[in-house]
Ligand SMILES: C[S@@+](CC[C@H](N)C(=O)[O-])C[C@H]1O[C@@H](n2cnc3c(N)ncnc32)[C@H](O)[C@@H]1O
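As a starting point, one isolated chain is supplied in structure tokens, in the form predicted on its own.
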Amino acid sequence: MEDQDICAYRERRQRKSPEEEEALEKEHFWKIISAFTGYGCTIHEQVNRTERQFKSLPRNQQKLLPHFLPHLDSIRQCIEHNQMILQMIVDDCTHMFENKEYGVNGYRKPTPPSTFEMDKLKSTIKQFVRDWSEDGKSERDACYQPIVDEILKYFPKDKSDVSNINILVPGAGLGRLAWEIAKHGYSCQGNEWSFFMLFSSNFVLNRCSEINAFKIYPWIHQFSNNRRSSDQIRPAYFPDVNPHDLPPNANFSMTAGDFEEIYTDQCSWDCIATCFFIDTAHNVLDYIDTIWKILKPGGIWINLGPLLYHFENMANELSIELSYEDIKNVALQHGFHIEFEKESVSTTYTVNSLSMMKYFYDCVFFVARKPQQ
């Protein structure tokens, strides 16, 4: 991005009045609602296109695949089921925030979801597997458990009242990591910006109380790299635990909004746990600044994840992409002490375990302490 583009970008962000910001937020809110409610029509059209292409084949080739069209019908049934779950998720979403009401949709007419929005929704559907299904356990063991283990190590239950240890999880997604921390008795708050994630975490955490009461079909959108047709239509059941099964008087909450804007109180957190989060920044240096400021003296920052910068190559978006070496040097210059570091932790992210193609991340994992003085 050229210098003048960066200046123009910042100017546009600063120029908006609170009223304009609120109007944009409401419009965005209803846009995401439309994505949830328009999921079925969009995916059905994709399946219909697949059927038309199959029927364009010569008759003798079609006869070689007698199960292809019945399989598409099975996918259509899965789409209908997913749409039912997605509709349940967005029911009463206008009342999910304690300090904000979005009212009725008077800001825009429902429009078909964009490709970007539909990709986000498909990714959110797979988040149910990662965070709240038995199928996601191996991923949680690789990504979440090391963080939980470090918290237990630095704030042992037998040496303090852990309910007084305040832990923040920015980029909490569907909330499982924050929930696991709260399950151990710590005071934990998850923070999330994405309405896709907020709607879904609200559904799981507040409206699910029976183990495996719901199912979803997360892999029906994947037509490539399937060993068997049945792999594409297998369900994932959620939640694998009762989300209400927390210690008595547990202090567990989720907040909505931008991490940098919400968390401004200095020296207020004992621990900040970031998992697949710091690369969501426009400028990761701003994240480090915020983490340093809001950590208490003696507090720790635990991080696990890759550096897949979300705004890289996105038009009209500021994006600063740094190597881990640079990030570590900046953290040290702030004053952080690296207590533990592991530069190679192999993990996946919403992986389809039966797919013929899988992506693995070679993540960095570290614990950094803000000195007492």
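Just so we're clear, the structure is a prediction, and the values are computed from it rather than from any experiment. Sequential numbering from 1, following the sequence displayed.
Only in words, not in the display: the form predicted together with this ligand, which the text now covers.
> S194, S114, S123, S229: which sits within 4.5 Å of this ligand in the predicted complex by any heavy atom?
So the residue touching this ligand in the predicted complex, by this definition, is S194.
> Of these, G171, P146, P243, G185, which has a heavy atom no more than 4.5 Å from this ligand in the predicted complex?
After the contact test, the surviving option is G171.
> Among 290 to 298, 81 to 89, 233 to 241, 250 to 258, which stretch sits within 4.5 Å of this ligand in the predicted complex, heavy atoms only?
Contact-bearing stretch, as computed: 250 to 258.
> Is Y217 close to this ligand in the predicted complex, meaning a heavy atom pair under 4.5 Å apart or at it?
So Y217 does not count as contacting this ligand.
> Consider R59 of the chain shown here, and say whether it contacts this ligand in the predicted complex, taking contact as heavy atoms within 4.5 Å.
R59 lies outside the contact set for this ligand.
> Going by a heavy atom distance of 4.5 Å, is N202 a contact of this ligand in the predicted complex?
Because no heavy atom of N202 falls inside 4.5 Å of this ligand in the predicted complex, the answer is no.
> Just checking whether C275 would be counted as a contact of this ligand in the predicted complex - the rule being heavy atoms within 4.5 angstroms.
Heavy-atom contact with this ligand at 4.5 Å: present for C275.
> Counting only non-hydrogen atoms and a 4.5 Å cut-off, give the residues of 304 to 323 close to this ligand in the predicted complex.
If the 4.5 Å heavy-atom criterion is applied to this ligand in the predicted complex, 304 to 323 yields only H310.
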